[in-house]
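Only one chain is included here, represented as structure tokens and corresponding to the form predicted on its own.
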């Protein structure tokens, strides 16, 4: 296990402890860019812990975090992507589907990813070339994507952008189309968790638009290291800064690309 992965796992656990202590009850939240885009004091506390620890360990690295934006020198090709509380709306209402997401990108390649869901007791991690793992007692379990072969037999997940009430590119048509073709589409409310569950084989595929790089990075590495595939919605190379992703077990990926491409808005 690399020094970077060890650090990411440790600080994700510590930040998760802050969130776990406040789980299962409602919290006051501030609005950011829209009434559904929320932030709580716990987002800020979690992010401060994570950012401070990375700055201390790797002072020359670039950091991109949801609440604090970009910081650090960023001249060495290393970028940390941090979501201190993915699923803030869930958290603010006492729903336990939220997580901490931490990833390290080196020269454009995702190298380390950790997704910690403290209220659920789930800890996912991956390192490029070393597989994806779920922390379970007495020993970690290596993750493998599902073997589901067709969309018709698949359980999928998606999410919706914060501006869905005002922008017609809101994923509603895509949701209906794929709900009709599959065994179901779930909406968990935390992109990093959706991707982690694809990596675990609990979901067969996931897509979403208008995402941020910190939503995608750690979970995308988990899926890849579990044997799955992650691309843009049209099937092209994943660019975490492009704001969209399609993840699957690989077997039904091309079918999902085709189905999404046929959607008429």
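Residue numbers count along the first chain shown, from 1. These numbers come from a predicted model, not from an experiment.
What comes next is about the form predicted in complex with D-MYO-inositol-1-phosphate, which is not displayed.
- Checking 187, 169, 142, 93 for any heavy atom within 4.5 Å of D-MYO-inositol-1-phosphate in the predicted complex turns up a single hit: 187.
- Only one of 211, 63, 200, 49 comes within 4.5 Å of D-MYO-inositol-1-phosphate in the predicted complex through a heavy atom, and that residue is 211.
- Among heavy atoms of residue 87, some come within 4.5 Å of D-MYO-inositol-1-phosphate in the predicted complex.
- Although the partner is absent here, residue 191 is a contact residue: one of its heavy atoms lies within 4.5 angstroms of D-MYO-inositol-1-phosphate in the predicted complex.
- Under a 4.5 angstroms non-hydrogen atom cutoff, D-MYO-inositol-1-phosphate in the predicted complex lacks residue 175 among its neighbouring residues.
- Heavy atoms of residue 215 reach within 4.5 Å of D-MYO-inositol-1-phosphate in the predicted complex, making it an interface residue.
- Of the candidate stretches 153-161, 102-110, 128-136, 175-183, only 153-161 has residues with heavy atoms within 4.5 Å of D-MYO-inositol-1-phosphate in the predicted complex.
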